[in-house]
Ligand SMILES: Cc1cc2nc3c(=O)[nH]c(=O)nc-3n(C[C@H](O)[C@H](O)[C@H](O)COP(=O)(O)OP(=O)(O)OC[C@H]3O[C@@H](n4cnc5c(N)ncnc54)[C@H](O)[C@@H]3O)c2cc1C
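Just one chain follows, in the form predicted on its own, and it is written as structure tokens.
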């Protein structure tokens, strides 16, 4: 999926736009922030404007003022599952660090900037089971709900009961699980562009030691399969669903010898064909060329179109 933003001609009006943003957002508003350090891929140019939102009101203000000023904006969580253009982002990049988390009986409510690992930890500490599958998944609750992140046959959408969003009309709205229309690595947020402010997950009472063992098992499995030193965005392509059956993208890529392929410093990880890695100085264009080559090879051999799980921010 590619997030395309209309390029805004700031030139003469940039000073006025910046002043309007600065008046609302204050000194935390920065210019020309390098985005590579804010992503797990370690790739990407500069954001023309950059702002860290530390509480929901900050996030709401940033989104609304960007819309009012008619400039492109993008909300970034943990920086996983995204590939930023080498030329950066010509708009306002909002870094979501709204990270309050609350326990209420068997439910946990998280602001959208909460790390998934913090959700897993709080569940374990309170002998609540159900979210162990998310152990070790990089990123935030906001990104996880947006893409219905999951592992080991489970997903965050299975647990979500209600949420608070900033809808596309700029209104705060409380919604139930059904609103999101969750599917495999899909949610309604991808269509509506609503901004998740918080989400509530219902867990079940369990035994703390069993929960700990399950978390450790999942972490070890991820360590065995996933890069530990090399930078990556996680699984690059979605698994394929045909006639109700899921076909592993990694399996398809194995069949076209994906692990032997690279473009510059962008390569396929040698232990998982569905993970592209940054060997050190990879450019976004190298990753895109590599991804397109892999898609062509799978199409030629299987007549199957792979779809990116990673979001392109261009």
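Numbering follows the first chain given and starts at 1. Given the structure is predicted, the values throughout are model-derived calculations rather than measurements.
Heads up, the form predicted together with the ligand isn't pictured, but that's what we're talking about next.
J.: Name the stretch, out of 145-153, 121-129, 99-107, 210-218, where some heavy atom lies within 4.5 Å of the ligand in the predicted bound form.
T.: One stretch meets the cut-off, namely 145-153.
J.: Would you kindly say which of 61, 40, 28, 248 lies with a heavy atom within 4.5 Å of the ligand in the predicted bound form?
T.: Filtering the options by heavy-atom distance leaves 40.
J.: Just to confirm, with a 4.5 Å cut-off on non-hydrogen atoms, which of 203, 137, 71, 163 contacts the ligand in the predicted bound form?
T.: Selected residue: 137.
J.: Although the ligand is absent from this view, report whether residue 195 comes within 4.5 Å of it in the predicted bound form, heavy atoms only.
T.: Because a heavy atom of residue 195 falls inside 4.5 Å of the ligand in the predicted bound form, the answer is yes.
J.: Is there any non-hydrogen atom of residue 240 lying within 4.5 Å of the ligand in the predicted bound form?
T.: No, residue 240 is distant from the partner.
J.: Under a 4.5 Å heavy atom criterion, is residue 233 part of the interface with the ligand in the predicted bound form?
T.: Residue 233 belongs to the contact set for the ligand.
J.: According to a 4.5 angstroms non-hydrogen atom cut-off, is residue 189 in contact with the ligand in the predicted bound form?
T.: Yes - in the predicted bound form, heavy atoms of residue 189 and the ligand come within 4.5 Å of each other.
J.: Sequence order please: the residues of 56-92 with a heavy atom within 4.5 Å of the ligand in the predicted bound form.
T.: Contacts from 56-92: 74, 75, 76, 77, 78, 79, 80, 81, 82.
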